[in-house]
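Quick heads-up: it's one chain on its own, the form predicted on its own, in structure tokens.
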Amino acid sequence: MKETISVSPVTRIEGHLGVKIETDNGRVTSAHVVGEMFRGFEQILRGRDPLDAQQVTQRICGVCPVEHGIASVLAQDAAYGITPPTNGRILRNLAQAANFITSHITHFYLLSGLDFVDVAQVTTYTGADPALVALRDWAKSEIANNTVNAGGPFLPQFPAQLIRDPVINLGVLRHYLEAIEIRRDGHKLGALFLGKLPHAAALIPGGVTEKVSAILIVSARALLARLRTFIEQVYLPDVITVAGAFPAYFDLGRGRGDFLSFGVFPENDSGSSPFLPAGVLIDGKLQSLDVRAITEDVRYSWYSSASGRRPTEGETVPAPDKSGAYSWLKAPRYAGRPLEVGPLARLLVAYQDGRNTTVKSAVDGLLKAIGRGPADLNSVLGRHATRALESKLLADRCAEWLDQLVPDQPTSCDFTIPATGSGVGLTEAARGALGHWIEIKDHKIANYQCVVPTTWNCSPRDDRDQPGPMEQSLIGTPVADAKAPIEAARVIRSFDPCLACAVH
């Protein structure tokens, strides 16, 4: 039996995403992922002072503003021919890592992990643990008072497909509440280095304006210690628990297996040695990154600009009545291929690269804990697992970066905005590869283009009718109930889509 299922909007993600899937005998045979709004940041930036760029682009998203700010100042660093001092580089790394960790914890506990547990079942708990009894009674009160609605995390939406153990569900409820607090510590950590968050005031070309002091380092260590404890004792164990309860999800949500990382967290001032390296994995083989291979197609996008252009030549001309189009996202491609980006891509590239033995050892340890091989990570649970593991790797590395800071040394360098110039800022956001391209004429921004992680992952079909990574990963997904396609939702949320970024 063939059915067409439309879900719009998909909830518990950032932004407005729709999906239309076709099923045959209960399995997805085709998927179209829809970016449902247009914003026009690339047009807003034209004609502005280049120093507006890192502030305006941070407003693309309230979840990952730090990464947009860093991509923008990296592009300007290149355009102005400047290199931040060591303290400035490290402060950028620390702030960006804090944002990654905050985003990952938020995604699992407040957005995606709720697909796997039935917190309402805590009302069946009959044990005597005082902490669990208190949580049970609180949950009963919330449900009885209708404080949460049927789409919230505390009601049994899909009981046949959820963890049924009330003790496990009580534990997840406790961790859900703890995560709300711990993510605040992540924001505080980032704000220490950048003045404030979510939109940082201290990010500038040439470094940051915040100064390094002993007080800053001590304050950061205290916040980082709480984050590391939560990641090691709560986050990673919870992901492993879910992996054990839902082994089928290591076989669902598989993409083509082609991945892209721009590299992130430079370990030297030249930027030539990132903690997580750049690279492209195609057909299981690691290739060096060639930025010139990146183009954007718009055949199925509501834009009238030409297809197949590199971002340096890119245009953003909306065409809402365009025939045949179905999304406000463009279709980024690398050498004509759709590539998946994100924590999974970063760790697989680093694993294949092999030079960072810390990452390779950590991935091997994770695979042993979940009883899987590297190929199994290309899946719904693989995305969750690598996101949690990356949080631990970054939290541990932050402790080492804090040791490298030198109080009272410069955190930025002087610069002059040239009359003409261009630059590319390649980095990684929590959700994947992020690039900003800037062109300057007469001291003003002549063109600005962003190619954003969710634009890669949620892209529509390209000029050759190749589906985007998320569209591809949905194919083959079983759907037990067309009115409540929880299986498809789990695949979608595993990517941690951010449509506000994608439709910038």
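Only a predicted model underlies this, so the values are computations on that prediction, with no experimental measurement involved. For every residue, the number given is its place in the sequence shown, counted from 1.
This next part talks about the form predicted together with a small molecule, which is not shown.
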Is residue 431 part of the interface with the small molecule in the predicted bound form - any heavy atom within 4.5 Å? yes
Interface membership of residue 53, the small molecule in the predicted bound form, 4.5 Å heavy atom rule: no
Any of the heavy atoms of residue 63 lying within 4.5 Å of the small molecule in the predicted bound form? yes
Residue 453 within 4.5 Å of the small molecule in the predicted bound form, heavy atoms: yes
Output flag, 68, 498 and 501 jointly within 4.5 Å of the small molecule in the predicted bound form, heavy atom basis: yes
131-139, 422-430, 391-399, 75-83: which one contacts the small molecule in the predicted bound form at 4.5 Å, heavy atom to heavy atom? 422-430
